[in-house]
Each structure stands twice: as structure tokens, then as C-alpha cells.
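Shown below, as C-alpha cells, is a lone chain in the form predicted alone; questions about how it binds or moves come after it.
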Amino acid sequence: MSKSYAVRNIALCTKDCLCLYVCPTGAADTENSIIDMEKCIGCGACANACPSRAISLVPREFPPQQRHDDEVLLAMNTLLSSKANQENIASTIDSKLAKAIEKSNRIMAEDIIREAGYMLPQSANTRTFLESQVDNPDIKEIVTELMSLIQPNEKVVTKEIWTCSICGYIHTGEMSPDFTCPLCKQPASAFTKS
């Protein structure tokens, strides 16, 4: 089996369908436009032929998430909360500039989340987050299915997840009685455990 396989971004696909003619296994010729990863041999012919660049190769097995020190994670979480707050404020203002600021903050927040290890579905952080949500009746079914489909590729270290009820700041790890929220300076009693 190849180390990578092709995926198609439907939003970018312009239906030129050159991929259908160059794929040696027929993996790109499907009814639902999703490339058959079982048939794909990872040759990249479809990606090279696609004029809209809607097809790319992704590894079958991702590397483990890059580790960060707790101080770096704290800084990322603080910055993430700030970006989320700025996005929320901008979303309440009706102007083109506010919409641009809202979108800019969303993109920066997504980058921070990815760097903090939550955007890779197989990361231990994502696994820990899913485990914290499995008892939520509104999403239990989908969380359980995701956990059965996505196996972590690194050791999962269970960490407590605490959310500030005032500003939404997320703290991972133990909650000490003298802890204060780095954003809104609320005491540990303002946090709820996920």
C-alpha cells in the first residue's frame, strides 16, 4: 500500500475531469466525487493533471503532533481566547472592515489551534478533547463514531480541561485553588471541568 493517497476538495473542483483519464486504477471515477482511497496508489497523476488544483496527496499515516512546553501552550491558549473574543466583537458590527477583521481573527485562531495540536485528528490532544465530549448527549453519537474511526498516533496523556465561565478561556491540566484566569483574572471557582 502506498504511503499517501489523493483527496479532492469539492469546493475547488471545476469539473474538468482530467483526473478520470489519467488515474491508472480508476480511483478518481466515483459517483460521489470522493476519490476511492482503497484503489488509490498515490502516484499523484490526478493531482498533476488537475487544472483547478482541487486534488492533493495526503499521507496515510500522519506524524505525531509536535510537542510544546506548557508555557507555550498557555501563551497559545491566551492568544486563542483573545482572537475568539475579537472575532465575536467584530461579528456584531455591520461593516466591511469588521467582516474582514472577523475573518482575519478566525484564520489566526485556526492557525493557533493547529499549532497547539487540536487540528490533527489523530493527535493526542484531539483524542483527549473527544473523550471529554463523549458524555454530551447532543453529540455523543458523532463523537463515539469519530473515536472509533480515528486512532491516535501518539500516547494519549489524559489531562483535565477547564473552561472559564466568564471569558471562555480553556485551561488544560490540574486546577489549583490559587489559579486565576490569565485573561479575565477570575479565580479557580469560575472554571468548570469538561
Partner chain sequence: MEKWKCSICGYIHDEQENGLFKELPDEYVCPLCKAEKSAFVLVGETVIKKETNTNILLKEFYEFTNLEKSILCSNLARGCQKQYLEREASLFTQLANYFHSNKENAISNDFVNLVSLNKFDIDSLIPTIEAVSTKHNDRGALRALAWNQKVSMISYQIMENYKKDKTLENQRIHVCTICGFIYIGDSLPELCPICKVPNYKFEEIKGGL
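Computed from a predicted structure; not experimentally measured. Residue numbers count along the first chain shown, from 1.
Here the subject shifts to the form predicted together with its partner chain, a form of this protein not shown in this document.
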- Message: Considering non-hydrogen atoms and a 4.5 Å limit, does its partner chain approach Asn9 in the predicted complex?
- Response: yes
- Query: Thr30: heavy atom within 4.5 Å of its partner chain in the predicted complex?
  - Reply: no
- Item | Proximity of Ala124 to its partner chain in the predicted complex, heavy atoms at 4.5 Å | no
- Find out whether any non-hydrogen atom of Ser165 is located within 4.5 angstroms of its partner chain in the predicted complex, and reply yes or no. no
- Task: Note that its partner chain is not shown here; using its position in the predicted complex, name the residues of 51 to 76 with a heavy atom within 4.5 Å of it, in sequence order.
- Result: Ser56, Val58, Phe62, Gln66, His68, Asp69, Glu71, Val72, Leu74, Ala75, Met76
